[in-house]
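Provided below as structure tokens are two forms of one protein chain, presented individually as structure 1 and structure 2.
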Structure 1
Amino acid sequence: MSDAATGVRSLADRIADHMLDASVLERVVIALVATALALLIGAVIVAASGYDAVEFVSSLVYGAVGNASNLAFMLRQSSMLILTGVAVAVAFRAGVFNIGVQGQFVVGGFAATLGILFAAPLLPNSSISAVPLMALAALLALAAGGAYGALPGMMKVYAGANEVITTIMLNFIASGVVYFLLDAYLRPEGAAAPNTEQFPDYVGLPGLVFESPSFSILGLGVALLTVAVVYLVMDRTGFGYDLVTSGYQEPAAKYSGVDPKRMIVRTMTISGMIAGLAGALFAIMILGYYSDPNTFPTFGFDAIAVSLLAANNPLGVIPAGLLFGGLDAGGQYIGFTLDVPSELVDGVIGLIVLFVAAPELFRAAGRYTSLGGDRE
């Protein structure tokens, strides 16, 4: 090997060693620097395209955190992305590729809606009924989302079906069936769109910090609490260890007395339950009714990128979700206020995601290759 090649390899080993041993603070600093560098390069691209780069970048930031209304919208998007992101992370970390979070999200939200609409007439027409109605909605969403997640899990372990294919197909099935039921049985008489009736006025999360009709800080609290519970289960319990082992080391799981097939189904069930809970939060906090799932934001698909950016770590989903929520809010604000092509906005946002994800990708490459001289 030539001296130049040896020098390059030595440099790569030193970088890999540092990346693998980086502290949480160092990773945060690296992510911030990567974001700033991506914004700088994005600004150059915007300027080269004939638009005001300073106005573009300032609008992107202002759209996310510029005022209370924008901040509330950013946190609303982030709450949904954190919940759906941790749903994906549960499955991916256990070695199961759940691409069906969007469908589980739709089914969970629909189940929550049915619970509210059918139970509300049976309870007093006052705010005292809000808590039991929302609790019922959450339980139904957990059950429906979990069942819809368990289905591809059972198809995988008992029929050998590839979960990527089945979960993708089940996304479309969920949207199509829910649309049919809405249009055929739940659309109010005379309604132009396939929407259900509005929820009772007293059903909803209180605004508290923000005066936003579609965001409550309690919704963000639900997302953060879910992350905490998932982290504790996955990293601090034997059950969580068995989940991960069953996905990545099936022979070892069998040797230790764990049924890997059953654990894979449980993994998909838990992932679907979290996605269903996200659907309930979407219906209660954001919509206040239920509508055509084909018009919903693609939280379940965006959650895949959120989870991958977080390296499938439940705690890492929080900053990843905040980043994606901020980019979503800023990008939408630019679309409303500036005459900039949406393709250019999406390109710059994609560049930011790429730069932020690159250190994690390099770290993963170092972990699973021979980079890093002192590692086996």
Structure 2
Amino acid sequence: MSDAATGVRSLADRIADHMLDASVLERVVIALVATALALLIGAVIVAASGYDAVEFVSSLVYGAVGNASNLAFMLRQSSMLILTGVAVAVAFRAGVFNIGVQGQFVVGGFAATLGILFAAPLLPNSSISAVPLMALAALLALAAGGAYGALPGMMKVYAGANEVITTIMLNFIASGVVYFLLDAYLRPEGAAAPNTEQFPDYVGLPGLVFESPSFSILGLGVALLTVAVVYLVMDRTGFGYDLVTSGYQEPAAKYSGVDPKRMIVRTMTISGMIAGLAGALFAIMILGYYSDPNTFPTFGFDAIAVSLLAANNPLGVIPAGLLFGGLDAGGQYIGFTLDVPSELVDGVIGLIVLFVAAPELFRAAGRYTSLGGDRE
């Protein structure tokens, strides 16, 4: 047991070390400044378009954290973004550009749905069945998401197909095929909407802290647990070392005994599995049924922004996911309280990503204003 304790302590030490690391600190500052700058530009655009900029910003904040239900919504979005963000981070870390998290997420959620819908009648119709059903759903989601991630991995390894492109195509294909199957085979008799039946009542995560039908603190827990596991694996295991090394410098990884092809497929599989798990969480916690994936939020794409804001560091995904969840929630709130079109918030998110992509910009600005340190 003391082994575990020292393990935890040294993990904590390492996290602290990381946080104190100058480059991490710089990263955080850049993320904050980028966000502030993007919001500022957003506010200026709002004002220039004849809306009230102050109201825009204050509504954004209020919509995210203003009251319990807003906070619940933000955390719900954040949970999804953290999970999908980690999925992206794993792949990017290993040097594989998995832009297909959205598709893996869709497929994972679909697999979870199938599991629940087909297994539920076989189990007693009571809450005893909840845990086995959800466990089954999660397993299926992991498997399906993993397989759907492995596919472009194998295409890359065995046919040299660029994964950026294949994964984007697979996103379109996932949505199209799932929509088709759903509409053709899973739509209940007589219903118009391309939705499956509602899951049994007992399937779902208990609200606990928040009284929201679509958010449970357990969902956030799943996301955080996933982050912790991924962080441990990356930082403390030989496999994680292999993975990260492959991302930094593939020839060196190969030299050290990594089979690069297998590593790509594994990485994509793991990334897809996490995305699939996000899909299961989405189906179970948020929807409670499954629907046309074309109407789903683009968590898988926003996750790219999240991961990048976090410099592809699994721990960094947590604050980044919270930030984007907040923007999402605030944006929605703006959509129905102000006349400001909510698309603006999407644009602001884009600006944040753009600025985060160019840390040099802030370093230069820092040097110019002689505020920042003089790195290099």
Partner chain sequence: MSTARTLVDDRRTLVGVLGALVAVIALLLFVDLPGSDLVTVGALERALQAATPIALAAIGGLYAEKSGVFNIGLEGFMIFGALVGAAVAWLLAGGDGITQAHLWAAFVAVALVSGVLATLFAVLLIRYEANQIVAGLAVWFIGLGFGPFAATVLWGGVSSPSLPNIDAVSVPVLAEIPVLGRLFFDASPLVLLTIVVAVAAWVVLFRTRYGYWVQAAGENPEALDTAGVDVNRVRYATVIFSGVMAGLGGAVLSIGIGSGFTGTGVTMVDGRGWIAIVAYLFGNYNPLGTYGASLLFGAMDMLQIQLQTIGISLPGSITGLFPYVAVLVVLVGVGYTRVPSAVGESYDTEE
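Think of the rigid core as the biggest set of C-alphas that the two forms share within 1.5 Å after superposition. The first residue in the sequence of structure 1 is number 1, and each one after it adds one. Note that the structure is predicted; figures quoted are calculated from it, not measured.
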Pick one: which structure is the form predicted in complex with its partner chain?
2
State yes or no: after fitting on the rigid core, is the Cα displacement of Gly42 between structure 1 and structure 2 at least 2 Å?
yes
Rigid core fit then Tyr51 CA moved by 2 Å or more between structure 1 and structure 2:
yes
Align both forms on the core first, then report whether Leu315 has a C-alpha shift of 2 Å or more between structure 1 and structure 2.
no
Once the two forms are fitted on their rigid core, how many angstrom does the CA of Ile349 move between structure 1 and structure 2?
5.0
